[in-house]
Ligand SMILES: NC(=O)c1ccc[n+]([C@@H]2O[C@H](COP(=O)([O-])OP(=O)(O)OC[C@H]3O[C@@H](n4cnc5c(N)ncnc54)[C@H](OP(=O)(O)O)[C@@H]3O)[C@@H](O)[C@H]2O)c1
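There is one chain below, alone, in structure tokens, taken in the form predicted on its own.
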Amino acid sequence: MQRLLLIGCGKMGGAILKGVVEQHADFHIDIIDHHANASLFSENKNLHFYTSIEQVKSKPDLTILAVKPQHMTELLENLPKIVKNSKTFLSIAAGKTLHYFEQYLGSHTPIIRTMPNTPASIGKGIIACIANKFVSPTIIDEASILLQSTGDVLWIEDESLMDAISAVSGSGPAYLFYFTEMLEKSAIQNGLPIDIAKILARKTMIGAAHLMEQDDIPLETLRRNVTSPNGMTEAGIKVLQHDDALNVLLVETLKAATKRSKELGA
């Protein structure tokens, strides 16, 4: 798998590109995107940026479909023959099923459906994957090596899980960012100067995330390690736990995101 075609180089496509470039310098990569910032990779002679898919002249080993789900049908309906003959296709579009892609690319085409997340841009992503039956074990191994340049890779066998997975890991970074944003604003409202509130909110979340990553300890235990009986943390936790409000809110949040993922696949 040496010749890649990346169609779409937005936030997620760009995150994957950055990881692959840093880990696999020998890959030849063609990028199709009207707004891609080629200057970020100007020193890499194996990257070629184009504004039109018709400019692609070589059959890819792997074509990564990284356009928004709303634009996927238009793209697939207008793929040039040389691209349609790609050995394998890999999608990062939320909601779009393997069957959906088989309708446009052929029922016997090797297709991998994935859901990455934005921490992939710094090699800290988690990407869930499922392959149709025409993807060989060799291609799965090669795809895993490729995707590991962006973080951890999780292969699943039940495609019905993908919408819920997307709601957790695909959208999850936004939930954490929003929580941190609200923590910062609340700190300011509680009397802290803006610059101090910003540092404390971000660094606290970053440090806690590292604890979750490095210690194989249940989250409840990590929480209790901070929560002294009748202490200040317990006083705050009780507010979050009142009427199970936070749990109820998160369940509804994931339901809404999962529902939207299904709608995008329709």
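One-based numbering along the sequence shown. Treat the numbers as computed from the prediction; the structure is a model and nothing was measured.
Beyond what is shown, the protein has a form predicted together with this ligand; the following relates to that form.
Per the 4.5 Å heavy atom criterion, this ligand in the predicted complex is contacted by stretch 65-73, the sole one of 65-73, 208-216, 225-233, 195-203. A heavy atom within 4.5 Å of this ligand in the predicted complex is found for one listed residue only; from 118, 132, 97, 149, this is 118. Among heavy atoms of residue 255, none comes within 4.5 Å of this ligand in the predicted complex. Remark: residue 29 does not count among the residues lining this ligand in the predicted complex, judged by a heavy atom distance of 4.5 Å or less.
Taking the partner from elsewhere, residue 111 is found to have every heavy atom lying beyond 4.5 Å of this ligand in the predicted complex. Taking non-hydrogen atoms only, residue 4 never approaches this ligand to within 4.5 angstroms in the predicted complex. If you take 5-22 and check each residue for a heavy atom within 4.5 Å of this ligand in the predicted complex, you get 7, 8, 9, 10, 11, 12, 13, in sequence order.
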